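In structure tokens, one chain follows: the form predicted on its own.
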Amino acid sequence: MANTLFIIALSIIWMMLLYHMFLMQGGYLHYLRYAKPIVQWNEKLETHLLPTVSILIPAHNEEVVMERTIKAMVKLNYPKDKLEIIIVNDNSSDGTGEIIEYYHSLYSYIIPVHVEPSEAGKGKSGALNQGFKVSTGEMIAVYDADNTPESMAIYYLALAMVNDPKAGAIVGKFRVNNAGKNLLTRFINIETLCFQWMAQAGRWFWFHIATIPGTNFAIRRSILEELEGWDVKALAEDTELTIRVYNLGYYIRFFPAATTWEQEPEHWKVWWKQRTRWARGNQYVVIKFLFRFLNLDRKSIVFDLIYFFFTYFLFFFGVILSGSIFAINLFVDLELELGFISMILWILAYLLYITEVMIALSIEKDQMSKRNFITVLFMYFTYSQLWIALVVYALYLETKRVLFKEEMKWYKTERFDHKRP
């Protein structure tokens, strides 16, 4: 029995590792090719053909980062007569509202939306829906309140959308602006780059699949109207929206020419709360759609649901199961037939993990460093293992919420006051 379970666990782990190496190859190929159409797209595009854009920025107690974000928005290289920046002040108790009003007095295209207490506290989805109600743009872009997009970010999102009518949404790249702060932010920076060049770019290259992130993306207004906005019950509103966009028959294009910089958690407690919300949100999405796939119009999205199912359920189950059997075997002889072979497989898995991560880092010119290489070696035994405990904890919370019909609570990530190095 122990041998059978051990083989199953190792098979799951290796299936995911090989799949991610396959994605990483696609991600690297996408990196080599994604910019080639830009010159041709620019030649086709005339200024008057650029769509009107509404940027939605949900903000709850964002005084620490709000001004820096607004200044970045003002510097966007996009016709201001086609741009409106809607900042949703979701019942903030700090100076967020005053900062928004001040910049509104300077720039007419900055539009404040102050959510009343009766409508507040519904999380990011609720704030986005409030902003969408007053928006007028043909294209809706979303940024978190800690984001400082590069000046061409919105232009590139619009450029790709105009030239790709089959794309329901365009997803840009995000970088970590506090990556050098401490060990945790270095871990997150590496994780972020792997997600984008492996999961996003890789899936787009091979399958024309990408996931809408929480920031730096644009979606067609007509799609949001048809979908009636964001799901206020979803903690991972971005993943949930992704599935519904695909179900309408569109795909989501990953276009890393559009870049933004964002702040990541600098303390483990903040990281734990944020990532728990992410894990619970994605588990909610898997459960919501996976068992309704027969009612989905586009069966191709089931492939992506299975990917999330493997990531947040089976893969972690395989890791926990194999690790538990291996640990128990140290004290009780389980008569494992793959003892020596399993050690070889583990070493090979570790080397494959390092290879995948270093390929992702090599794409960004400033990330292939000796310091990052050492961090990656250490990351496998610390940060990656902590994710296992986090996913198990998130699954416990989500199961408890469903069984006892608890109210979904939104956690807002704590911000830190500093500038990008």
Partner chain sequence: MRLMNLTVMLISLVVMFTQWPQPASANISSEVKSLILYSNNENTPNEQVYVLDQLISHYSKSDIKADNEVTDLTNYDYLFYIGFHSKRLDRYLLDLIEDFDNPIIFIGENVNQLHQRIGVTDTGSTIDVKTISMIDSQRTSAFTEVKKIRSITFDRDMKKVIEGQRGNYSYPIFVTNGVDYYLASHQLHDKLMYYLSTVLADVFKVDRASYLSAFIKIEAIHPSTDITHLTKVTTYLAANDIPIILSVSPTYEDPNTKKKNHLTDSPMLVQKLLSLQELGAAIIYSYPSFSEDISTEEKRETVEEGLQELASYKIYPIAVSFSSNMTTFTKEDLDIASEYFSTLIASGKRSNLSIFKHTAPYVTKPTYLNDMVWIPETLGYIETNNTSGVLNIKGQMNDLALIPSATLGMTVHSYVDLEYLEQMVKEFDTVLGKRWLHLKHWDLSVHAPYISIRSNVNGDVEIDNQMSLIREFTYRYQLTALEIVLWSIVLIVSIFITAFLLYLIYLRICLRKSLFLERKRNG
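Residue numbers count along the first chain shown, from 1. This is a predicted model, so every value here is computed, not measured.
Form predicted together with the partner chain: not shown, discussed below.
Is the partner chain close enough to Q25, Y31 and I341 in the predicted bound form that each of the three has a heavy atom within 4.5 Å of it? Every residue of the spot touches the partner chain in the predicted bound form.
If you check in the predicted bound form, is I328 within 4.5 Å of the partner chain, heavy atoms only? No - in the predicted bound form, heavy atoms of I328 and the partner chain never come within 4.5 Å of each other.
Although the partner chain is absent from this view, report whether L5 comes within 4.5 Å of it in the predicted bound form, heavy atoms only. Result no; L5 lies far from the partner chain in the predicted bound form.
Wondering, does E356 line up within 4.5 Å of the partner chain in the predicted bound form on heavy atoms? Looking in the predicted bound form, residue contacts with the partner chain include E356, since a heavy atom lies within 4.5 Å.
Counting only non-hydrogen atoms and a 4.5 angstroms cut-off, does V402 reach the partner chain in the predicted bound form? Although the partner chain is absent here, V402 would stay clear of it in the predicted bound form, with no heavy atoms inside 4.5 Å.
Of these, S324, S222, T136, S151, which has a heavy atom no more than 4.5 Å from the partner chain in the predicted bound form? Exactly one listed residue reaches within 4.5 Å, namely S151.
Counting any non-hydrogen atom inside 4.5 Å, which residue from L395, L386, I363, M379 sits next to the partner chain in the predicted bound form? Going through each option in turn, the one that passes is I363.
Listed range touching the partner chain, judged in the predicted bound form by heavy atoms within 4.5 Å, from 88-96, 243-251, 162-170, 343-351: Correct option: 343-351.
Across 91-116, which residues bring a heavy atom to within 4.5 Å of the partner chain in the predicted bound form? The stretch does not touch the partner at all.
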